[in-house]
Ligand code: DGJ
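Here we start with a single chain on its own, the form predicted alone, put down as structure tokens.
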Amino acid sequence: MNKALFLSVAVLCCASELSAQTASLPRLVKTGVSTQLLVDNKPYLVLGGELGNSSASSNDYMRPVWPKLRQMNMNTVIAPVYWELMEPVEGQFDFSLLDSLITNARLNDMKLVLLWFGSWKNSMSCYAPAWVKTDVKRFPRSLNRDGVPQEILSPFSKDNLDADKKAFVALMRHIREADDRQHTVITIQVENEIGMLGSARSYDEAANAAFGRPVPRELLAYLQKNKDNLTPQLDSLWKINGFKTSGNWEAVFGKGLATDEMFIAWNYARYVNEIAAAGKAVYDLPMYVNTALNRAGWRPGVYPSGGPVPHLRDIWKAGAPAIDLLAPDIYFPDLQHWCDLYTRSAAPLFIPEIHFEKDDGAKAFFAFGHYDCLSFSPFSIESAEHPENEPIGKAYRVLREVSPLIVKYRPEGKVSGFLLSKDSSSQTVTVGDYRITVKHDFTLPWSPGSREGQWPLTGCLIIAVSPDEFFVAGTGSVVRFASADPGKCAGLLSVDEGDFEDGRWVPGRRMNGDQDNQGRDIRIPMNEYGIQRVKLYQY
């Protein structure tokens, strides 16, 4: 082979290899009614846990944490990357903490979701480097309504944006160099729980000038294009003011806190979009923004104003097209309420943070079964004192086994999820030829906890793998099948508990007699976590 031909073949081989690596990058794809996160070209569910804010800042601190995470059957760790530690001196980067996370995740057979603690973390700029914090003139702060500076970098400053963007691009470049073959890092969170505190918007000089200028054309074009599907609050404000398509913020939306919040949301979204787009240009991973939710009755500025809360969804979608997911951090009790809001218009559900508590196992079954859920992740997961006994770890063991079935049958609408409590102890759905009723375990009069005042949450998911065959996975649930044809009855042909080993179903006990209430019910008792395979017939 002559030298020119050899070089041409080498170049083609390198180009082909690079193309294959790019094609296999983690990415989001739409499949039927479902959105899937593909990792190494296979659908992936994040069975995760988020580390406490400071845990990943010390390798010594993390050393005993990894075995805990492994004991809880997690497949993904959600971990911060700190701007102040990554760029302690402007232009000088230290990636040793990140490299340690990547190495240890691989050693423990886990993936990583990285949280960029850049300009903002829980609204504040506490993770900005010292060289940013101390140079107030170059890196200006937001001001509240009284003109008092806040420890919040202004989103109206080009210097603030450029410094953050340069650091984020360096981060993405390093991830590409360290991980473009193994794909340990699968998703990136850009900033953390963005929002203005102290007032609904900033009143710094640049902010006031922007507030007086016309509403950006990009936003107005989005509103007109999506006029029939806007969130109710935005639609109402725009309608009251005559659906104007030009004018400044108060002319188009009226005066008040709602307009102030939309204004700051738009500017946060544009800031984040520029950072995300620059990072994706270097290494195109899926990116999301998480949300500090708005507590009922609280005003914007008391809760973080302008973050991607449900009523600002359209502002963020218009302003940050480089962001793939808007993700709720759920610390309020009504899980279904918030999940419903974030899955409006068939958006996928990605839960990067949820309160770490005993009910999380039941909530995980419900989230992955009822919604197009890509991620479930209790916060401060390393705080578990007895990880081997944590309900979320027991649920994750089951979910890891049934994940291939979930991702296979969810796009076909054949996966159902249930969350049960004393106030919602029975739920019914129809799947194919069967009407399925799921009840809380304590509804059985012989259940040990049936007379208790407090009923813990329980949950399960049910997967229809054929017209007469289902898998039930969960905890504390009783399932009864009836024929959808009122002229027929449904019977249990067989019920087996078991496990999946390397994707192959391995049956255990045949659950006849007392275990299925003499052919009446499928039951996974309270505090037990398991899978049962059900075959049905009609007569």
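All residue numbers refer to positions in the sequence shown, first residue = 1. In this text the structure is predicted, and so the values were computed from the model without any measurement.
The form predicted in complex with this ligand exists for this protein as well; it is not shown, and the discussion that follows is about that form.
- Heavy atoms of no residue among 73, 396 and 499 are located within 4.5 Å of this ligand in the predicted bound form.
- Of the candidate stretches 118-126, 298-306, 197-205, 229-237, only 118-126 contains residues with a heavy atom within 4.5 Å of this ligand in the predicted bound form.
- Among heavy atoms of residue 441, none comes within 4.5 Å of this ligand in the predicted bound form.
- Proximity of residue 192 to this ligand in the predicted bound form: non-hydrogen atoms within 4.5 Å are present.
- Although the partner is absent here, residue 329 lies within 4.5 Å of this ligand in the predicted bound form, judged by heavy atoms.
- In the predicted bound form, this ligand sits within 4.5 Å of a heavy atom of residue 353.
- In summary, among the residues 290, 375, 267, 142, the only one with a non-hydrogen atom within 4.5 Å of this ligand in the predicted bound form is 290.
- Listed residues 371, 379, 249, 283 were compared with this ligand in the predicted bound form; 379 is the one with a heavy atom within 4.5 Å.
- Applying a 4.5 Å heavy atom cutoff to this ligand in the predicted bound form picks out 53 as the lone residue from 52-90.
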